[in-house]
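Taking the form predicted alone, here's one chain by itself in structure tokens.
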């Protein structure tokens, strides 16, 4: 892999029960670039992101990553402990002592929700809690699966501005979204 790339995929393929989701999928992503994965429901967008993270093995092909690549991943499920409070989830994520936490909680209207059990939050509020790990964890590469679903317009704008700032600072971004973002990115479609 050329050293200027954060991540590169060569001829990836994936099938479930002999049904091919995608075949011969290749791309490369440099620092400061974004890749928007598009496609209809069931086309394999979430699976592709999981393959890139190393969670799901591909049926064929290879993913190459820059040495010591630090990445942050948020799937379409929020991966929160819904039986615990917001504060407890923040603690489990290792974010309790992060210097930017208090101001971010205020921006996301979560300051007054710290002791609320996550299951009692709206879907959008749960999404904002889940996004804290993306906002507060430094990463060379950010991988997001439908991150804008459930967000109000202020939170949508906050996430877009954050991602644009990270791109400008040299991080890479790979995401799926059916919701327009305005983020300058290469678009690929799985169908």
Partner chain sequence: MNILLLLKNEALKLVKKTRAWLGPILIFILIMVAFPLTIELTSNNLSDAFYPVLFISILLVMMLATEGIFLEDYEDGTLELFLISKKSLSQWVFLKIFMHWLLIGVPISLLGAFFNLGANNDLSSSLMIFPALLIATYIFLILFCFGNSLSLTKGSALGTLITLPLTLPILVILGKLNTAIIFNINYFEFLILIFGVLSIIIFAFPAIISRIIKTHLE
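Residue numbers count along the first chain shown, from 1. Model, not experiment: these values are computed from the prediction.
The protein also exists as the form predicted in complex with its partner chain; that form is not presented, and the subsequent description refers to it.
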>> Between 93, 118, 107, 101, only one gets a heavy atom within 4.5 angstroms of its partner chain in the predicted bound form; which residue is that?
In response: 93
>> I'd like to know if residue 35 sits close to its partner chain in the predicted bound form, meaning any non-hydrogen atom pair within 4.5 angstroms.
In response: no
>> Taking any heavy atom pair closer than or equal to 4.5 Å as contact, tell me whether residue 55 reaches its partner chain in the predicted bound form.
In response: yes
> Heavy atoms within 4.5 Å of its partner chain in the predicted bound form: does residue 84 have any?
Replying inline: yes
> Though only this chain appears here, would residue 114 touch its partner chain in the predicted bound form if you measure heavy atom gaps against 4.5 Å?
Replying inline: no
> In sequence order, which positions of 152-173 have a non-hydrogen atom within 4.5 Å of its partner chain in the predicted bound form?
Replying inline: none
